[in-house]
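Next up: a single chain in C-alpha cells, the form predicted alone.
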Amino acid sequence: MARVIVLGAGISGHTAASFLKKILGKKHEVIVISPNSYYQWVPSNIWVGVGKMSIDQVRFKLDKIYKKWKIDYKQAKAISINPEGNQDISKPFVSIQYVAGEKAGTLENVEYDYLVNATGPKLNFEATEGLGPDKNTVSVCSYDHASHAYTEFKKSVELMKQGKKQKFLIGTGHAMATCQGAAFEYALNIAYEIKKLKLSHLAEITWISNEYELGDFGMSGAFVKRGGYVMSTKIFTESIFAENNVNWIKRAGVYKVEPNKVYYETLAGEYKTVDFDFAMLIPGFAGQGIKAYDKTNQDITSKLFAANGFMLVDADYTPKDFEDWSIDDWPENYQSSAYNNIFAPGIAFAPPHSISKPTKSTNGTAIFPAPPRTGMPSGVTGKIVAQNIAHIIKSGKHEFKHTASMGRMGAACIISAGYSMTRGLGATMTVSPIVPDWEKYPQWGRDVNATVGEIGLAGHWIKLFLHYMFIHKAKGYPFWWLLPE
C-alpha cells in the first residue's frame, strides 16, 4: 500500500486529494495535512468583502468531506520535510504540528511514499511595514479577512451617509505583489455598491498598482478580441475604471502604511504618499517557510526551495535575460528537481521567471508583478499531479501521462464588476496561453481567437453559476469529477 501526503487543502491541494482518492481507491492511503479546518472558494471572497455573500457561503468544513471520502485529515501545519528519512526513521517523512483540538501543539512525524506540497502562499503582510488587517489596511485574501473588510467598508458607508467624503485606496501593497485581478474585482464592486447607494459624489476611489500599465495582471497584459476588434487589456481596464470613476496610480511600489497614509516609490525613483480612509491592499506572497533536512539532519532547505520559499520543480531556473526566456522553461509535471516523489502544484511551485517584464526604479527597487498561479492553473496542476502520482503507483512506471505547462495552458477568468441578478456586471476574459508564446504568436504573444474579453450582465450570471458549480465539485457531489477545473 502506498501513502500519499497532501500538504494544504486549497484549490490545488483539495483537487489533488480528491482525484488521488478517486483513482487510488481503498488500496492506498491519502492523507491531507492543513492548518485550516475549512475549504474556501477564494474567488467569491470578493463578494464577502462587500456583504453580498456570507462566510458560510464560500466555505465548508473539511473533516466531514474527508471522512466520507476515507481520506485521513490532520489539522496541522507542516514544519519540515525529511525526504531521505533520518537516523531514526528510514522512510521519508514530514514533521507536523497540530493546531487545534486535543493534540494542539503536539508534534508528529508522518511517513510518506509520495508528497504533494500544495501549501499555497504565505500572505507576507510583514514585508510591507504597517500592512495588514491587524494594522492599517484590510484584505480579501481569505474569508475572515473579507468579512473584516466588509465591516470596515460599512463604516465608510455610514460616514458618507452623514455627508462626509471618503477616500478608498485599492490595489497592491508591495512592489512585487501579484493577484491584481482580485484587487481589480474588489475596486469595481466597491464602486458598484457606492453607486447603488447614490453616494458616488462623496467617494474618491483610487487604484494603486505595481503594474507598468493597467491590465498587466502579472501576465504582461494581453490583447483581447472584443466585438471583432483587437484591443489591449490596458485599454480594456482603463475604460472600465473610467466608466466607474476610479482614478489610478501605476508603477508604484508600496513600502509603508501608516493610519490613513500610504508611502510608495515610483519607477521614476520618486517617493510619494497618498491618503486614504479605507484601504484594501494585496500583500506580497512567499512560501510557507517549510524547512528540509537530509538523512543526517543537515539543512537542505535551499535544495528543495527557492529563496522566496516556493518549491523548485521541473523548470529551467538558469539565469537569463528576460528576452531570452521561453515557454519551454516552465514546468510541466511540477515534480521536485531534487526528489522524484515530491510534487508542488499551484502557487507552491517557484516560477522560473517573471511573466511581466522586470522593471526597477532609478533607486534599484524592483517594481513589477510576480507571476499569478491562482484559480484555474492551481486546479489544473493539482489534478495532473494527482493523475501522474496515481499512474506511477498503479503501474510501477515512473512516467508522466499528463502535463500542464502555463506556457501551453489557457485560462478563463471572470471578474465581478458588481453583484446583482438584474443589473450586475462581470468581465469575462480568456487567455491562451497564460505565458505569452512569441514564437508561435509573434504579433500578439497569444492566440487572439482564444483570448477574448467581454463585460456585461451575462458575465455576472456566469460567475455566480461557477461559484455554485465549484462548491458542488469541491464537496464531491454527484459527478463532481466531470466538472472542469
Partner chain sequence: MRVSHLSFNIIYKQMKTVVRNYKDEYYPPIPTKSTKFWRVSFIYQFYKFLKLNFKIMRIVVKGHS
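Note that the structure is a prediction, hence the values are computed from the model and not measured. Positions refer to the first chain, counted from 1.
Not pictured, yet referred to below: the form predicted together with the partner chain.
Three-residue candidate spot Ala411, Thr428 and Val431; every residue lies within 4.5 angstroms of the partner chain in the model of the complex by at least one non-hydrogen atom. Residue contact with the partner chain in the model of the complex: Trp248 places a heavy atom within 4.5 Å of it. Contact annotation for Met376: at least one heavy atom lies within 4.5 Å of the partner chain in the model of the complex. Shown alone here, Ile55 lies farther than 4.5 Å from the partner chain in the model of the complex, counting heavy atoms only.
Under a 4.5 angstroms non-hydrogen atom cutoff, the partner chain in the model of the complex lacks Lys64 among its neighbouring residues.
The stretch in contact with the partner chain in the model of the complex, judged by heavy atoms within 4.5 Å, is 419 to 427, chosen from 23 to 31, 44 to 52, 65 to 73, 419 to 427. For the options Asp294, Glu152, Glu238, Asp275, the residue carrying a heavy atom within 4.5 angstroms of the partner chain in the model of the complex is Glu238.
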